[in-house]
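The structure tokens that follow cover one protein chain in two forms, given apart as structure 1 and structure 2.
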Structure 1
Amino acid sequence: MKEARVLIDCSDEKGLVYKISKVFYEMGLNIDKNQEFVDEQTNKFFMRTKVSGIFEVDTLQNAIKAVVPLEAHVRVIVPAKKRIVLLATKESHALGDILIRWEAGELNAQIEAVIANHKDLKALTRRFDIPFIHVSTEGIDRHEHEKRMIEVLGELSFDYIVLAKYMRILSDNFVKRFEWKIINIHHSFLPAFIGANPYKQAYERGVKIIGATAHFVTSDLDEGPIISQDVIAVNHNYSWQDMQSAGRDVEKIVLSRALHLVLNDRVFIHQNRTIVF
């Protein structure tokens, strides 16, 4: 007996659920959980099914491919810990939240390394016996720094890069090299307050609620598909530093929640949106 998550996305057409569930039925598999979504505007079909039984991954994958449209994207994933690399700068709350979950065995991922452009988080990372790699920006330009980052990443093996408050803007080149593999936490309720110091922007705009947004990173700064968002109420008593401090709690929870979804293969990307099962 084993388990798999079957993820399918393709153009919608009549009979898809029937044809796919027929494959499961004829292979003697149990459907433990099944979710579908059809985007009516784009006529796209999304399905995520948890099956269990006795099967070969390749056989199942091929059997499904035989009944769905040619262009379909079919993934049969046997649950296993993903590997992630964390990028950070100076703030410890997002990194710390991930480390504590990791230690408790609740993260569902192996942390390969923490890479940072400052040394501030070295001590914290080492407390958890995780490799800390400092890639300094001193005396080098953006291009050179990114080149070194790519070298360091090239020596690691990972499924996702998690920007746990990594305060550097990534180039197009970097983003495209790791397409759909980079997850960021932005310290605002996107699309409000794109860019630098969103808490100061929020303070000056006099908002009554602040938030945070976890999203996949694309070439357009702060514009990638949103995975998770949450908010917290503030008022006139909050300086922008108070907002920043209150916001940190939202940031870390939203990032960890997004990671949980991605690491459990619950997120489809469709255009600039996510379907989250």
Structure 2
Amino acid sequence: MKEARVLIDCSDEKGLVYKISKVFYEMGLNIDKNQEFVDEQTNKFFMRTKVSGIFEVDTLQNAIKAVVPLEAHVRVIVPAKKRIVLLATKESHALGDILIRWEAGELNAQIEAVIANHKDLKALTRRFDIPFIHVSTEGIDRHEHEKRMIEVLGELSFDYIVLAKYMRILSDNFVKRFEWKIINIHHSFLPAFIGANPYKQAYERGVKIIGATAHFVTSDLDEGPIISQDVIAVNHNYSWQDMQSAGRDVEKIVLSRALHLVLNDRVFIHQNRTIVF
């Protein structure tokens, strides 16, 4: 007896849920949980089902493919800890929160390594007995640094790269090499502020909302499909330092939530959106 997560996305057509459920029934599988959604604007069908029973992954996957449209993307995933690599710079709040959740057993992942372009977070990482790899930026341009990063990543086995406040812009070449495998967290302000010290800029504009956004990384800076977001209210009593502290708390929560969703196969990417079950 084992469990599987069955993920299906395809063009919508009449009777899909019936046909897929019939496959599970005929194979003697129990449907433990089922969720589906149809994007009516694009006529796209999404389904995530948890099943249990006795089965072979390839047999189940082929049986489903036989009853859904030809272009369907079908994945049968037996739950297991996914492997992640964390990229960091100097800020410790996002990295520290992930490491603590991992040690407490709250993160359904195996952390393969922390890679950083500064040594500031080496001691923090080593406390958790996780490899820390320093890839310095000193004396080299971005192209050479990314080349060295790709070489290091090439020696590791992983499912996702998590940018735990990795404060460097990634090139198109880097992003495309690891397409849909990079997850980022950044602040979210209304209006948005970019550049140095966004919290000070926000304070000077009197913002009333601080938030954070976790998303997949694409070639368009900070515009990839959004996985999770949250906001908190602030007021005139907050200094920019208070805003920064509050913002970091939101970033930690949002990144943790996004990782939980991705690591448990709850996220479908559709165009520049996500469908989250």
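Throughout, residue numbering runs from 1 along the sequence of structure 1. What we label the rigid core is the largest C-alpha set whose atoms superpose within 1.5 Å from one form to the other. Quantities reported herein were computed from a predicted structural model and do not represent experimental measurements.
Trainee: Assuming the other structure does not fit, state which one is the form predicted in complex with another copy of the chain.
Mentor: The chain shown as structure 1 is the form predicted in complex with another copy of the chain.
Trainee: Is Gln35 among the residues whose Cα moves by 2 Å or more between the two structures after superposition of the rigid core?
Mentor: Shift of 2 Å or more: no.
Trainee: Is the shift of Phe46 between the two structures large enough to count as movement, that is, does its C-alpha move by 2 Å or more after the core is superposed?
Mentor: Superposed on the core, Phe46 moves its C-alpha less than 2 Å between the two structures.
Trainee: Does Trp240 move its CA by 2 angstroms or more between the two structures when the core is aligned?
Mentor: Shift of 2 Å or more: yes.
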